[in-house]
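This document contains two forms of one protein chain, each encoded as structure tokens and listed individually as structure 1 and structure 2.
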Structure 1
């Protein structure tokens, strides 16, 4: 046996001994356990459990423990089964470059391993970061209040409708959303509203956007909230937002706008078009596409303040009269108001909000507006190139687009998507002859190859 083999065997024995003791994250030595049992006055740890024998678990889960290295290698190998595709996918989740600074700072353990700020005197750092996040969203939406993190855009939309129901003075229980809202969001919304006996209806869009006159035909006095996305799930930029807001107003319905922090930097300011609530996914900055993991953006008018769901950070003073931050208006929350709380949300997406705030700070005003402008130019140029391909029309709707657009194909769209996947690209098939294409700074390097692949596939 060579020396090296001997060493490997020894280290394997040693680690298997450690593992057989159970748990690498419990720091107790045998002497500790003995001393602690002595102090308690117990003979054994088993004695401390007050579980009737009839429900004690005697079996095994059949889960083998593994070394840290093995776990990392196994997961790495398993995930590597994912095909390496360049994603031209969007529809509410977008890939923008996340600066290195975001990981470096957010992974500092004082942030990553902290908890809800129930003791603000030792949580000033996180509280200030959340306050700055709220402030950035207040600036981008123009609305008076932004909460500091909900789960994702879909659940934020559900909370918005419940808020609208609470603040609206007249009766009625219908929420009206555009027919472009993706069905996952619709399903979440319906689940949020079922308990309040509210219903969701869709109104038709015209040429890929909200048409105020058509909307007006569908709004009634039963309507509690009108929801419009800008840009829409197909990337179209709305041109009749103010008019849509007026329609909602005329029926005393809340006007809720769906967007994201990048689009908000460029497109019409929600407050300026009469929006009462803004929802969306803020993780578009700060997080890579993490299989749809998000950060619910939620902002609203200041007079809705006492009805806002979720956590809020406010400024106050400490005993030395210095500025200090604290969670505030907690009487709205479930740990105090229980079944009468504005929401059941407790654990939220605070750490993602920190990442988003750092990303926005890194970009600054200029960088954020530039990024937004790039989303317009990139999609416009790509649509123009695809449109030149025989058998492709892009964009389907003659409007301005943000990041993404629909393209019509002569061939079956599912087949086009499947063929593109074989060629290394992921796109979304919308219906029989339309695919959806999304471009950002992240997939820009592959755009020419993508155009070539589309040309090949539809030929």
Structure 2
């Protein structure tokens, strides 16, 4: 028996031993565990964990062991029970065609197996990709600084409010947001600010958008930040953004704008309308709807460079004067003294940011603008077709929309949504008589079939 054959045999014996002990997925045998416990003077593995009895689980999960093939078959059978609906949902989850190039490049092992890029000498490729991602956001927002991501749009918004509280000289602690901000995003913001003794208040929108005069009635010297989304959660495109920014500035409150990379390619540049901070979800490009995971976009004025949460990738030179990339700023407690930390958000979405950067590069400047223009045209044309149906008014608000809009029906909205589901389509029922409809390049081929289904449902 050769040495290699003997090693293979030993490995197989160890694997068999682990399997025989009912522990096929960990590398240690009972003897290994006993040896390690003896070395540290512990009686059992459980002694190493301080788990409160109230959250300990003493029962059995009742899961029978099975082969990989059986598990795959069982899971496939379970997933097959899901209804295959064509989604016209929106409200934060947007489906755009993701080119195969994104998968082919982002799934390369040097990206998938890379941990946080602390060591520039072994992570130049990933660091450059993140630097390119930041540069794309700087170009789209017109602001001086963009970090290499937050968890999602909601955490980016929470960090924006904390930044505003640090940099503004107002004595107050109020964050003012429009009444169109989605509940889940509002909930995260409130949770973020509870520990900082800050409060969140809402101001009413007019005709589906922020009205500067109405906003002015609610902004006071207690206001630290004004948050406006463009487009809004119902797809309406905001006007008077400069006027809203002026209102915030008059009270020395930060002006924070919520958007996404596709919308930013077409709508007013945030820097041009006086935005101090831009947040949003950048995963609208590079990632199919994940219904949970996102990519928090965060950009701000260069004056706030030392206050930016998360991580920044910068350009430097190595010992041989070659251009090199490195993490130049990390302001979380784990890296610097607690009293100087601006945030304790512990990680970022580097791999998702990589995918978004690849997608933007694939589209190019012209392609990105074309996609954004399509989002306006598709929603406009679909609303017009629905408005032709007796019993439907679309859009509810007479203004331009981006990807999505509200449609009013004579029938109960929940019933309309249920009937559409039976016909194979998913929409949101947002109140008694309003549904929300979203269309992009991804569900565009099903557009005519959807219109026909709505006509049949409301007949």
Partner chain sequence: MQRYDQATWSETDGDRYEPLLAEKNEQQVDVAEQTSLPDEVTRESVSLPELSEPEIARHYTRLSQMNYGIENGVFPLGSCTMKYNPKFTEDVAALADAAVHRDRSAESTQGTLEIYGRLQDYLGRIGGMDAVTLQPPAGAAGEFTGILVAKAYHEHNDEGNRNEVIVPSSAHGTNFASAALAGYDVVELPPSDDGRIDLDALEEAVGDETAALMLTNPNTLGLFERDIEEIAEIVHDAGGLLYYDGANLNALLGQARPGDMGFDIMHFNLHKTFATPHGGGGPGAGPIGVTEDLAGFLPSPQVRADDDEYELYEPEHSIGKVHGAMGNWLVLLKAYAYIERLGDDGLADTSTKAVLNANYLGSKIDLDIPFGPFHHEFVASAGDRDAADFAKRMLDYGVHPPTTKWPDIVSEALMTEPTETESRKTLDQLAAALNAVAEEDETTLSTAPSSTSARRIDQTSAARSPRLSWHALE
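Just so we're on the same page, rigid core means the largest C-alpha set that superposes within 1.5 Å between forms. Residue numbers count along the first chain shown, from 1. Small disclaimer: the values here were computed from a predicted structure and weren't measured.
The form predicted together with the partner chain corresponds to structure 1, not structure 2. Taking the rigid core as fixed, one finds a CA shift for residue 422 smaller than 2 Å between the two structures. Annotation for residue 46: C-alpha shift of 2 angstroms or more between the two structures, rigid core superposed.
Superposition on the rigid core between the two structures places the CA atom of residue 398 less than 2 Å from its counterpart. Here residue 30 exhibits a Cα shift of 12.8 Å between the two structures, evaluated on the superposed rigid core. The Cα position of residue 63 changes by 4.8 Å between the two structures once both are aligned on the rigid core.
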